[in-house]
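So this first bit is one chain, no partners, the form predicted on its own, shown in structure tokens.
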């Protein structure tokens, strides 16, 4: 194994480069995986734009698929050469948050108070996955073997996009027979649509404008597609539900407009499940919020991680109950990562997700 590796390095707002870094040293509880496929996330674009702060010099990316190159001396139950994924969120398994069942927030507590996105380390507080190699901390809590018969591309959405989208449906506690609206059908919104169907929703309404995404949404389980450029989404939802409103609204874009639409589309006592990453303050309109008296629930979700979560997601993929293949629209090598960022960041060529192979 070489001493150096290629890595996608964040230099500052609007600036990233494919550079060179030392291959990480492996500690007792760590594992080094050789990346065989990864991708770019919308959160990476927030980082690149300077909307979410990370340290200059950090390797970004948090959606790894790979092969175990080296195991730490205290790691057992795995073998070098084994194909694995690890979640975008890497809980330790022993923190207060982990032991309290809130694995996604493992690491949120600091001596100076609570830190948002506490469980997200790759490409946030430690070097990430858009590189030749990735050092995985707390490997025994986070490495999940890929089942035989599943390709890298089939499991690529599991570390983040599928976990987040399904997590939004789970957090909303969708019940059998519910009517659900999903606002925006990007990769996470599409997975939220699939999650609503798996949770037992009887009627799923999606709000989207792009024809390609509308078509995939129907494959994922949408019963109605509302084009917000043609019809006011809230009016359309009230027409479809005969004035009742939806039991659950899932906001999957991270904009004030979609958040407000989702809130206004709820029935009294309904639940707004927020998945979008917001880059500015969100306002609660007094009337839509019913002055705080509408018995509404607003829940937020950070992509559930850990090896058991990843095992469950890959089992769902293997069973055929969810198919994320349509989400991967482009393929690039790591050498072309800057071109891939340009296409994904500017949403060109009907891009949804880009598979990147070192």
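Positions refer to the first chain, counted from 1. Since the model is a prediction, treat every value here as computed from it, not as a measurement.
The same protein also exists as the form predicted together with a further copy of the same chain; that form is not shown, yet it is the one meant from here on.
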Taking 4.5 Å between heavy atoms as the contact cutoff, choose which of 178, 132, 127, 153 touches a further copy of the same chain in the predicted bound form.
178
Could you spot which one of 102, 240, 225, 216 gets a heavy atom to within 4.5 Å of a further copy of the same chain in the predicted bound form?
102
Among 80 to 88, 228 to 236, 200 to 208, 153 to 161, which stretch sits within 4.5 Å of a further copy of the same chain in the predicted bound form, heavy atoms only?
200 to 208
Heavy atom to heavy atom, is residue 96 within 4.5 Å of a further copy of the same chain in the predicted bound form?
yes
With a 4.5 Å heavy atom cut-off, would you call residue 146 a contact of a further copy of the same chain in the predicted bound form?
no
Test of understanding: in the predicted bound form, would residue 276 fall inside 4.5 Å of a further copy of the same chain by heavy atoms?
yes
Partner contact for residue 283 in the predicted bound form: a further copy of the same chain, 4.5 angstroms, heavy atom
yes
Scan 278 to 298 and note down the residues that get a heavy atom within 4.5 Å of a further copy of the same chain in the predicted bound form; none is a fine answer too.
278, 279, 280, 281, 282, 283, 284, 285, 286, 289, 290, 291, 292, 293, 294, 295, 296, 297, 298
